[in-house]
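Just one chain is shown here, as structure tokens, and it is the form predicted alone.
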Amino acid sequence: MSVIAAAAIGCRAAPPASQAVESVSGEVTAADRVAAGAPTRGGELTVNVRAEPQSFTWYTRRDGTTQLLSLLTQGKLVRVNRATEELEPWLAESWTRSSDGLRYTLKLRPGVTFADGRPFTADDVVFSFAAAYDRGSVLADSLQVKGARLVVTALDPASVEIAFPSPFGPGVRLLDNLPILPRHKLQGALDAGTFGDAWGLSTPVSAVTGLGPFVLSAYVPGQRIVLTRNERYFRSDAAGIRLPYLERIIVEIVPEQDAQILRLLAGQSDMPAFEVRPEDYAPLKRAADAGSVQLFDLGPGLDADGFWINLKPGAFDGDPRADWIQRDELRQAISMAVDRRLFADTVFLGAATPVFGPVTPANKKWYSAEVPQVEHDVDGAKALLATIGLVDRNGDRLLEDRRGNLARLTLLTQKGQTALERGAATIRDELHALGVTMDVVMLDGNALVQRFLSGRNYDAVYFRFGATDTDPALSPDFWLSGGSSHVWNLAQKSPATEWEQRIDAAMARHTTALDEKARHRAFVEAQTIFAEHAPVVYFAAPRVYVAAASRVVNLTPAVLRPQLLWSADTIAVAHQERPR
């Protein structure tokens, strides 16, 4: 597994959470820990997000703010350490695998309770899998192997057996996808067929409980979410201090990125929840040099913004563009027409790496130089479009089809996300040179997601989906034709195209092989097929910069979102009050 290195700019590395402190008397006091530079309990953290959560449970919504709340309030059986990529025991303290690789027996950590005091048992694990496979859940794809579900059995209150339908390369690593939910709170909704609506935003926060380091204590729509320490959280540091260190986290909803940075620089917040923009680097670097801010350069990102055209069958029935808008040649020509180096310089101010597919060079284990890369070639793109009847018929450089319809599309992107706004504008301008007209329409994030999830009422989208793990086998929702994040044609009952069927087959081999070389060969094949048909076109992966106030200590940055808050239970603050 690759190790993701985080280079800190303008700050010193914080002491590790495991640092033990001894006093002369043998009793560790808060003063001893402060003197030794170790984190202490207390204080609050103010975090900015750009959008409302869509739910209080990640089972039913996959937006970034809902994911953040899930990480803060829920626990998992195992955890992938996002800084080291290593698998760690969490609610399950150990596990064993059968000789055939099909069954895992997990021993649960004893004495763990939910935030409301109810004991955590194997029944909660069985229930969580049942809820994940419910039709109201979006997690089912990520918890299947070759399209088949896992079978989970409670052996006794403290142990479970998980049976896989076939060998699975990543093993129990896939359990990092599953937050464990309380059976005593949600069994009724599952039995009634209303689980998809459970724990929506109208749910009283007092009704939501979990096994994570924090609990919801207040939600003011459009303004903030307040989380307080879970006093029953199961973890302690090496010195025996109960985690989390923080007393409270305030998640403020601040839609504008400029406003988020201004709040950080003014000492009104402690960090944006996610990465900052390249244009924010200069003012943040000055603040880092002055000692008021920490700025981390995590290198190229694992995710790139993607452009796709609606490929759902029937989406353009009756549309005069139906003959060509879903053709592979159109997407291939767009990929050829955009100068990726120019794109990186224009959209990300040079702080980006040109990319040609969904796997970026940051994913050192699964990125492959064998996957085809297209050359920037406007003339070649025009020739390719001519093969599907799009040519300049009037000498004005605008392409038309055989019926005289302009080669024109509407591109949707997220309003207020400046990299997406600049990216969409750059695609529009590059395609203008090709003779294709692109109208850019910007929507609020949640409205945009709902629009393309409908599967019909859009032409094209420019947007980003964040990976939750570097192992491709844990992103079947994107790669497989039946996946809920297979954005160009969501949740197909059977593969709509021959090439998607071949990707499904390659991913099945990649997923079930236990030999790493065999897994690599199969995934190169899947990526190669993807590159040939370009269902999503990628242009550049930005460098990942994250920032936090200097008073925030014990940070462990990682390139995956949320880059700082993935390990929120070990974050601390040096002062109770935020400096003004």
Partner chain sequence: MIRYLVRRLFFALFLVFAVSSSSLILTRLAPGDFVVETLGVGVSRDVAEQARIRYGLDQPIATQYGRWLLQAARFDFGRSLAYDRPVADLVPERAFNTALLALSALLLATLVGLPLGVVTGTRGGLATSVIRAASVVLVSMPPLLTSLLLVFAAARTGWLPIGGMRSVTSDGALLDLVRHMIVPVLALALPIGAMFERLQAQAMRQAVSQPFVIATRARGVSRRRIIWRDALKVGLRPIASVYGLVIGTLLSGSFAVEIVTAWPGLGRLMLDALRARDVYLVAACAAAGSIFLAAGTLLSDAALVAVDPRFSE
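Residue numbers count along the first chain shown, from 1. A quick note: this is a predicted structure, and the numbers were derived from the prediction, not measured.
Below: the form predicted together with its partner chain, not depicted.
Taken together, the three residues 113, 204 and 235 all stay farther than 4.5 Å from its partner chain in the predicted bound form, as judged by their closest heavy atom. For the candidate set 221, 372, 291, 157, a heavy atom within 4.5 Å of its partner chain in the predicted bound form is found for exactly one residue, namely 221. None of 468, 105, 121, 485 but one reaches within 4.5 angstroms of its partner chain in the predicted bound form through a heavy atom, and that residue is 485. Contact with its partner chain, judged by heavy atoms within 4.5 Å in the predicted bound form, is confined among 90-98, 449-457, 362-370, 390-398 to 449-457.
With a 4.5 Å cutoff on heavy atoms, residue 268 counts as touching its partner chain in the predicted bound form. In the predicted bound form, at least one heavy atom of residue 248 sits within 4.5 Å of a heavy atom of its partner chain. Its partner chain is not drawn, but in the predicted bound form it has no heavy atom within 4.5 Å of residue 520. For residue 41, no non-hydrogen atom is located within 4.5 Å of its partner chain in the predicted bound form, even though that partner is not displayed. In the predicted bound form, the residues of 222-256 lying within 4.5 Å of its partner chain by at least one heavy atom are, in order, 222, 223, 224, 226, 248, 250, 252, 253, 254, 255, 256.
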